[in-house]
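Below you'll find only one chain, the form predicted on its own, shown as structure tokens.
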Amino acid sequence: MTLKHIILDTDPGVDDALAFLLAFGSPELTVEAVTTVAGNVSQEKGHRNAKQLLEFLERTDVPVCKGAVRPLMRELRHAEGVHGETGLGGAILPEPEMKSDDRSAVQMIHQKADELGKELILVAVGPLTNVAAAVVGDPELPSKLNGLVIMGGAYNLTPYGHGNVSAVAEFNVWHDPDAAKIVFNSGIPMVCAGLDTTTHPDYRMGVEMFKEIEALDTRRSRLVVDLCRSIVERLKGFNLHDPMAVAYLVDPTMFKTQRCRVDVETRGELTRGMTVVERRHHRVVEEEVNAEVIVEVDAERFHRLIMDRVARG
């Protein structure tokens, strides 16, 4: 088994919390650092949540670094209406005692890229503000890394690839489309877990799966239940957005991807944050492909991974 070294860039976030549990519960991955970004909640809340989750997992050895407090060129627009006032749904965790790392998110990304080079993969499950700032700060960064896996975008490659914050845009990209545009055009090899699959009814956590987790009645499963309960009750299920991005790294054989040329709309009144896929096949040459988008998932294996690694641990 080849160990994959990752930095988890996150805006915790209910589904981010599940991604934490999966990343730290997977022996295939070693988390070099956690970097936080404003998105689902403010930087302050998200950073606190990250430290609470690390303490829950007894992984206070992992550095956690503060990142962007707002998008590159826009005002902060959080999603507390979905994730709850704290960002962690109904979960209540002790106030964290661990200290934040003195390095910023960008400094940590640069340092680890210099140390690990092609052994390092960035995993961004929030807005791409930190990643974009790291690229701008070191234009050689894309060639240093093994790659980038994101949760973000709505690519219209499946019937479920439409927006969730607008008709055409997914929240993470919509929140900071200027950053997303920089990253998609940076040359970093990218794999994208977008709404095309994360909202597919066959891949989400259904009520039956939630009840199965609830029946485990362990410290870990109770956290998952507290995180997800209000959303499951309101929406009759839970979309496993961020865990899907981490799952791709754990076992990419569960996924089918499509190679695409993707750009990001930054100015449209109705289309801000739209991930625009070039569909004119005669216009796309191999050199212009900049992303692999997940279009199909082995639902049985994916759900088994979530049960084993997230719920049971």
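The shown structure was predicted, so the numbers you read here are calculated from the model rather than taken from an experiment. Residue positions are given as counts along the sequence shown, with the first one as 1.
Below: the form predicted together with a small molecule, not depicted.
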item: Candidate spot N156, T271 and T275, all three touching the small molecule in the predicted complex (heavy atom, 4.5 Å); value: no
item: Proximity of D242 to the small molecule in the predicted complex, heavy atoms at 4.5 Å; value: yes
item: The small molecule contact in the predicted complex: N130, any heavy atom under 4.5 Å; value: no
item: Proximity of F171 to the small molecule in the predicted complex, heavy atoms at 4.5 Å; value: yes
item: Partner proximity in the predicted complex: S100 to the small molecule, non-hydrogen atom cutoff 4.5 Å; value: no
item: Candidate stretches 138-146, 171-179, 68-76, 214-222, one within 4.5 Å of the small molecule in the predicted complex by heavy atom; value: 171-179
item: Contacting member of L195, L227, V183, I109, with respect to the small molecule in the predicted complex [4.5 Å, heavy atom]; value: L195
